[in-house]
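First comes one chain, alone, set out as structure tokens in the form predicted alone.
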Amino acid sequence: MKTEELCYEADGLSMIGHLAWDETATTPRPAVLVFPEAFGLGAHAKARAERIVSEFGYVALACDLHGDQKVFPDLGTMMPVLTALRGDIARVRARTRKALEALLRRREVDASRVAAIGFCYGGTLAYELALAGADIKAAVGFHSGLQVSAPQDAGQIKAKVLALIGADDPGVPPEDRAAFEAVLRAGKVDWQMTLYGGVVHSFTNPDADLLGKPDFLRYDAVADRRSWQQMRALFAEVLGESPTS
């Protein structure tokens, strides 16, 4: 596996993504955008990008969110920035679209087979990219918020959508799930939503336990494993089986 920093401009910011690929591959490979949690591009998203390369043989780009790979240290400093971003669809779409464009410029990438995934707010960004009509095969969200900025654009979605949610996640209540389902139905989208019983937010990230809020943020090894396998199955369908499977 080879990794490098991939620099690109988006929303007036200097973005520094984390690109990983199999340097022994002799032909362009399917590729996956990995959008991080709202805190910014940290170790979790980078590790998942590298795992995609090692397990599937794809190219993966863990995307910068706040510019210069800035990572906010806590909820108090992150939330005002996130609130301002979520309310501006042009800024949201710029940050997702420019990441996709940067990935597609790589000669290692098969531009006809690209997907987007994300964790927490990163999953919402994967959905936002799909809503913008991007030519991606799948948009997958792990414990992601389902309130999107332009639900009226669901008819533009080309991707298959997979939402993987903790059934007890206080940040994604049943009414949000129902509203998101209605959006996808109205857009005639190919979609799936899986709920994991007894599971809350951030179930894929072991570091969530360090925040000391187990009723809201808690790692769950079983849900982590099951959700990854569901993503794997969808990728096999839309991107093709990997040579490492």
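Residue numbers run from 1 along the displayed sequence. Given the structure is predicted, the values throughout are model-derived calculations rather than measurements.
Separately, the form predicted in complex with another copy of the chain exists; it is not shown, and the next lines address it.
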Original post:
Within 4.5 Å of another copy of the chain in the model of the complex: all of D168, R185 and L234, by heavy atom?
Top reply: yes
Subject >> Contact of A25 with another copy of the chain in the model of the complex (heavy atom, 4.5 Å) >> reply: no
Original post:
Heavy atom to heavy atom, is S14 within 4.5 Å of another copy of the chain in the model of the complex?
Top reply: no
Original post:
At the 4.5 Å heavy atom threshold, is M193 in contact with another copy of the chain in the model of the complex?
Top reply: yes
Original post:
Is K160 close enough to touch another copy of the chain in the model of the complex, meaning at least one heavy atom pair within 4.5 Å?
Top reply: yes
Original post:
Among 44 to 52, 195 to 203, 64 to 72, 29 to 37, which stretch has residues with heavy atoms no more than 4.5 Å from another copy of the chain in the model of the complex?
Top reply: 195 to 203
Original post:
What residues of 216 to 233, in sequence order, lie within 4.5 Å of another copy of the chain in the model of the complex by heavy atom?
Top reply: V222, R225, R226, Q229, Q230, A233
